[in-house]
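Next up: just one chain, as structure tokens, the form predicted on its own.
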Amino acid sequence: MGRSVETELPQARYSYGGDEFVFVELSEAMSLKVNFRAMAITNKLRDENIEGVTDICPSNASYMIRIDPDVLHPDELISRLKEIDEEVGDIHGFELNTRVVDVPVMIDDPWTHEALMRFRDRHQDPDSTDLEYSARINGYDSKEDFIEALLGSPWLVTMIGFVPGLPWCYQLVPPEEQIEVPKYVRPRTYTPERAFGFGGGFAVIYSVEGAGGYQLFGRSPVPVLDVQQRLPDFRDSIVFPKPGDIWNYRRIDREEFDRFEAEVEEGTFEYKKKDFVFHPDRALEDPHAYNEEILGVLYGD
């Protein structure tokens, strides 16, 4: 995951994935502009409801389409995708109907701390914690200054996966303010469910317990995946996050963590969220001012 830069968008590369998939790489480097372009193209394709298209999967700097080759030839789809790419252009004027979501996170919690300390031999700096290491390599004077930057601006959910329900989130700040950290030298064999992790330029919430290599900064008391669909936010899907969501990670203490976790157990928890029409142009032109407006929508009442 290289450094994220805002540059002129390159030409897309189109390729086949076996008989049933078309893969389109918009750029080798992730940037907000590239991700906005992927969302604009896939949203337009979804609206067209082309016969033979069975699934549309946007990613950070690419997207993949599944087709029924007996109904739609991949070359026909690629021709239309190229036309849509031209129509979308530099995404000027693109609007995204989405949600702004409050996501509670306990930073430096006991569960991820125990996990990261267990695997120090797999880390770049065995003598520090993940937070301390990440603060230092990003040039912050203290762990608290780093946490303030980490939680100081909202995040765009750019894609879902690889584990079902795991949201990849990219912070809505200028490129020079983007936080970046490497993954562990060797992956852990254990990561707690709902761990708040960071790798490359992306923040994630681990949807399930399992292996992992992202730096661990905290833990959320609430799920992003509910296969039993017990909670109100999961009535329509076992996965809560959606590409295009705007998430604000909010720091909470142990008392609030326990309260939210109890609500999850009782089946009463609901995310605080508001519908929002997101304008990528404004996010690129003046991100800090636009972020204040976004957070005002979420917390204004």
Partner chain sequence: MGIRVKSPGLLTTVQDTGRFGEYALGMPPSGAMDVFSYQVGNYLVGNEEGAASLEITYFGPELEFTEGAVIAVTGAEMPPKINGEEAPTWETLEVGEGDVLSFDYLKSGARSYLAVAGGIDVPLFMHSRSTYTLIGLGGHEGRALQEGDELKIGESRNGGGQVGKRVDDDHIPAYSRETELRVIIGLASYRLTEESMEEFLNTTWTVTPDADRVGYRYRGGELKFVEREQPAGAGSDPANVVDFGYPIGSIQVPGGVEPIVLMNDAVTGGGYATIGTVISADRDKLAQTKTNDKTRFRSVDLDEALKARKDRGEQMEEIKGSLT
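Numbering follows the first chain given and starts at 1. Small disclaimer: the values here were computed from a predicted structure and weren't measured. Here the rigid core means the biggest group of C-alpha atoms that line up within 1.5 Å when the two forms are laid on top of each other.
What comes next is about the form predicted together with the partner chain, which does not appear here.
For the three marked residues, Tyr140, Phe257 and Phe260, no heavy atom of any sits within 4.5 Å of the partner chain in the predicted bound form. The single contact residue among Arg136, Lys183, Arg120, Arg188, judged by any heavy atom lying within 4.5 Å of the partner chain in the predicted bound form, is Lys183. Shown without its partner, this chain lists Leu96, Leu231, Val88, Val208 as candidates; in the predicted bound form, only Val208 has a non-hydrogen atom within 4.5 angstroms of the partner chain. Although the partner is absent here, Ser62 is a contact residue: one of its heavy atoms lies within 4.5 angstroms of the partner chain in the predicted bound form. A residue is said to contact a partner when one of its heavy atoms sits within 4.5 Å of a partner heavy atom; Ile147 fails this definition for the partner chain in the predicted bound form, lying far away. In the predicted bound form, Asp19 approaches the partner chain with a heavy atom inside 4.5 Å. The partner chain in the predicted bound form is approached by Asp70, whose closest heavy atom lies within 4.5 angstroms of it. The candidate stretches are 80-88, 199-207, 148-156, 100-108, and the one lying within 4.5 Å of the partner chain in the predicted bound form by heavy atoms is 199-207.
Residues of 220-243 placing a heavy atom within 4.5 Å of the partner chain in the predicted bound form, in sequence order: Leu225, Val227, Ser237, Ile238, Val239. Relative to the superposed core, Asp19 undergoes a Cα shift of 2 Å or more between the shown form and the other one.
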